[in-house]
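Let's start with one chain on its own, the form predicted on its own, as structure tokens.
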């Protein structure tokens, strides 16, 4: 492994590799500062050739904030519930079809929660031989490229978020939304948000969880949500991450949308560990 810390671009808009860091070893304060500065500037950051267990992955997440249990009970890690599995393999070793289709449309995680996450981390353990990547869209650049009249419209809108209630959520999951331990109620977030670290404006609408806008009829809101999703996921805003076993990838939940590409043979195993990290008490989330 390279010993000198440095960054290498992987994509045009998003995707940056951080070299010279072994996350299996204790991270010293100077290295933590370097990682956090790199992540603030590069909201999809990849550490290659790592080998972490669930406890170590959660510990890495705690360097940024507070990892929390994932909503879906089925995929929580048995010994470390603040870590979950992202997998297409069921407990019986057979293909898990919910796991195959899970997260295969564009979204930001947990926007149906009362508090928004800062970031999420995926660690690849087993990957398909061909494809099986994850795609990320830059919602900062997507906002910047909006026409001025659409920026003005969105600036006055409050988006309504629920668990898988948006147009893509209904298409993807229908009535099969997975078992959770609590009922999630509708929450409201501004359609245009400001990043708490960089101050950049972000288009904060995603087609899985955003199901409407306050005071707008659904037959107007859903076409707008779909149009914004199509705009945000143009090739010029998107990075496709081709996984390698050992990749640890962190992404900024505020500045990006993501999706599993869903482009692999589901009979091949795809197994990853994940944790989602929230702000510590007293720290800022999305403004």
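The model shown is predicted, which means the values in this text are computed figures rather than measured ones. Numbering follows the first chain given and starts at 1.
The following text describes the form predicted together with a small molecule, which does not appear among the structures shown.
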Out of 31, 260, 233, 50, which one falls within 4.5 Å of the small molecule in the model of the complex, going by heavy atoms?
260
Going by heavy atom distances of 4.5 angstroms or less, which of 167, 133, 162, 212 would be at the interface with the small molecule in the model of the complex?
133
Each of 69, 76 and 273 within 4.5 Å of the small molecule in the model of the complex, by any heavy atom, yes or no?
no
Does residue 103 reach the small molecule in the model of the complex, with heavy atoms at most 4.5 Å apart?
yes
Given that the partner is absent here, does residue 113 sit within 4.5 Å of the small molecule in the model of the complex, heavy atoms only?
no
Give a yes/no on whether residue 109 approaches the small molecule to within 4.5 Å in the model of the complex, heavy atoms considered.
yes
Give a yes/no on whether residue 86 approaches the small molecule to within 4.5 Å in the model of the complex, heavy atoms considered.
yes
Tell me, please, which stretch of 133-141, 152-160, 185-193, 199-207 lies within 4.5 angstroms of the small molecule in the model of the complex when heavy atoms are compared?
133-141
